[in-house]
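Form predicted alone, single chain, as structure tokens, below.
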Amino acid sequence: MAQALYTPGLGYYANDLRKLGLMPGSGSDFVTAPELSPLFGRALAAQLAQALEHTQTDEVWEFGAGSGALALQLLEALGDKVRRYTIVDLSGALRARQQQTLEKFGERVRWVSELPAHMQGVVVGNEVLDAMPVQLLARLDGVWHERGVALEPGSQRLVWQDRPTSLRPPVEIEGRHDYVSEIHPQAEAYIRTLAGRLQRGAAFFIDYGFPEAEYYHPQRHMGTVMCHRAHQADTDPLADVGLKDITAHVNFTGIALAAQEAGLGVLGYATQGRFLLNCGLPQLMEQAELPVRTQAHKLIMEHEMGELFKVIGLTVGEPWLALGFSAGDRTHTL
């Protein structure tokens, strides 16, 4: 998965193909909330403004900034509350697009390819954790295997290959049926690294996923790995490698535990719909034109992005009452 997404010049996020956009006709593969509606960033900015004030910081760090749409929305909404906006992105093609989008902000925006040893500020990541490589585990006839990728003998075709492993999902999977799922060591390691570098501040991650009990439910026996191309989804990451996105849903319990074990506090965990309502999206929609309101509805409707997407908030030091989790907090489900 790491090679398919990040190999220089060949991987999906390392080539020049267009990725983000509203419609397949644009040559894009998928749309994220900031491209769907500018009100996403404006609502999120209310939470970031509170976090900046509470933590007495003036820098925003965005991981995986995509087209730059979210950065644009946040910078416009936050104004002089942000002295510097730092983007951490591994994709050269996306970085070029971001630089064009954010040109008017000049030196207030900078790009880095890795975390510094020490940092302060408010971190945001929209659909970042789902793109971090996972390990596949398969229980076959009662025996656990790690599922890897091999070349089919006598050809150059990629095929699955299983080998017995001592690795296990974090919870026992009830039943004796065959079962495929993922574990997320890289995403959890990233959270621990962030915790070690962030001296003062908070972090908010928005992504699709579940708490552990839902993620590893016995009926979810086919895992969550999905591919996206031309606004169509499929479940075969071995086809068209490098030409489509590969993702896995986020185990938010694992993220919360990794954060706590590394010294961060959990501010809250909520659906994207509830989080945006708490951050004032209805008031923003009242002031918007009808087409903008129509698109913004997709951010909060349960059958669109409102329920599947979740938001988790983390902080250095003792947790505080964060705006986005003031109602509908689901931390107890983690």
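Quick caveat, the model's predicted, so the values are computed rather than measured. All residue numbers are counted from 1 along the displayed sequence.
Heads up, the form predicted in complex with a small molecule isn't pictured, but that's what we're talking about next.
Q: Spell out, yes or no, whether the shortest heavy atom distance between residue 188 and the small molecule in the model of the complex is within 4.5 Å.
A: No, residue 188 sits far enough from the small molecule in the model of the complex that none of its heavy atoms falls within 4.5 Å.
Q: Residue 51: heavy atom within 4.5 Å of the small molecule in the model of the complex?
A: No.
Q: Is residue 65 close enough to the small molecule in the model of the complex to count, meaning some heavy atom within 4.5 Å?
A: Residue 65: contacts the small molecule in the model of the complex.
Q: Answer yes if any heavy atom of residue 88 is within 4.5 Å of a heavy atom of the small molecule in the model of the complex; otherwise answer no.
A: Yes - in the model of the complex, heavy atoms of residue 88 and the small molecule come within 4.5 Å of each other.
Q: Looking at 131, 102, 203, 75 here, can you tell me which has any non-hydrogen atom within 4.5 angstroms of the small molecule in the model of the complex?
A: Filtering the options by heavy-atom distance leaves 131.
Q: Which residue, 256, 94, 136, 227, has a heavy atom that falls within 4.5 Å of the small molecule in the model of the complex?
A: It is 94.
Q: The chain here is shown without the small molecule. Which stretch in 53-61, 31-39, 281-289, 295-303 comes within 4.5 angstroms of it in the model of the complex, by heavy atom distance?
A: Within 4.5 Å of the partner lies stretch 31-39.
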